[in-house]
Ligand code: BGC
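Next up is one chain by itself, shown in C-alpha cells, the form predicted on its own.
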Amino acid sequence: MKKLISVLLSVVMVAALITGCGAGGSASGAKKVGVSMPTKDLQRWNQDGANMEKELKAAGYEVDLQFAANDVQQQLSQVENMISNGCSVLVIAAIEGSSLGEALDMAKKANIPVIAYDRLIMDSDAVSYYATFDNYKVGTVQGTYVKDTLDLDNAEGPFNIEFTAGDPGDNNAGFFFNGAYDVLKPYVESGKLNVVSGQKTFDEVATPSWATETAQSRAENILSSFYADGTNVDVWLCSNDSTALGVENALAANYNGSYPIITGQDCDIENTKNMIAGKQSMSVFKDTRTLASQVVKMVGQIIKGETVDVNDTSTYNNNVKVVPSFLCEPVFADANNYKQILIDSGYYTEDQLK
C-alpha cells in the first residue's frame, strides 16, 4: 500500500511539473504575467510594453505581452485568454477605463490580482493596485510652465490661449486637464488669459483616442474661425504629444501669426525633434523605465505574498473602491534640458533625434 501511494505521489508531482505547477505556472515552473497594452500606434505604448517585458523576464517571469490595436473587444478577448492560460498577475493599460468588466470578473473568480497600468480601470472591485505617474501633477507641470514662461503674475497681457485635452474614455485625461486648468484658471477668470474660441471645459476640448488627426482637425477649425483675421494665439495647451502634433500640423498649414507656446507629454521622438526645432515648447517626461521597474517590483511582491509598495491610498476612486496606488514623479523636458533628461539618461541617442 505504501509503495502504491508513493507511486501515485510521484505521478502527481510529474503531472504538476508538466502543467506548470498549477494555475499561474508554465512548463518551466516560472510564474506567468499577462501584460495588456492598448495599441502599438503610439510610441509610448511600444516602449512601455518592451520595458515591461524586459524587466519581467529579467526577474524570472514568463510574459504574455499583447497589444490591442485600440480595439476594446480585442483587449477584452486578450485579457480573457491571459486568464485562461494561467497568468498569476495581470498588468492592464485599459483602452477605456470601464470596458473590461467581463474579464475582470473572470480574474476575480480565479483570484488573479490586477494592476492597472497608467490608466485607472473604472467601475470594478477586481482592481488590486494602480501604478502610474502623478497625473494631476502632469497637468500642473504644464500649467506652471505656461504661467512661468508668460510671467503671468507680472506681465500685463492679455494673452490668447486654446486647450486640447485627451480621450474622454481615459480616466487620466481629466486629471491632466484639471491639473493644468487649475493653475491657469485664476488668469482666465481675471481676463489675463483669453480663450478666444470660448472652448474651455473638458468636454469641449477633449480628443477621442488621443488621435493626432482629430486634434489637427479641431485646431484647423479653431484657427479658421477665430484667428484668420490675424489674431495671435499665444498658448496652445495640449495634454500630450499626439494631440500637440496635431495642433502643430494645423498651425503649419493655417496660421501666420507669432508662434505659440505649445505643451505636450511623453517626449515622443517626433515631438522632441519639434522641441529642438522650436515648434513645441515642452513635453512632460514620464520615464516608462521607472514605471516598469516599479510594476515589476509590485508583481514580485504580490507573487511572494509581501506587502505591496503604494504611496497613495486616497486619490484614485474608480467608482467602486479607492484603489491603492503608486505614483511616480513626472518632470518636463524642453530645448534647454532635453540632452540631460533624455540623452544622458540613455532614453534616446543623439542619432534618434536627428
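Numbering starts at 1 and follows the sequence shown. Since the structure is predicted, the reported quantities are computational estimates derived from the model, not experimental observations.
Below, we turn to the form predicted together with this ligand, even though it does not appear here.
- The stretch from 244-252, 144-152, 84-92, 260-268 that comes within 4.5 Å of this ligand in the predicted bound form, counting heavy atoms only, is 260-268.
- Interface residue among Asn172, Ser128, Thr140, Gln78, judged by heavy atoms within 4.5 Å of this ligand in the predicted bound form: Asn172.
- Comment: this ligand is not present in this chain, but in the predicted bound form one of Leu42, Met298, Val323, Ala68 has a heavy atom within 4.5 Å of it, namely Leu42.
- The three residues Trp210, Asn240 and Lys286 all sit with a heavy atom within 4.5 Å of this ligand in the predicted bound form.
- When contacts are judged by a 4.5 Å heavy atom cut-off, Arg119 counts as touching this ligand in the predicted bound form.
- Interface membership of Phe177, defined by any non-hydrogen atom within 4.5 Å of this ligand in the predicted bound form, is ruled out.
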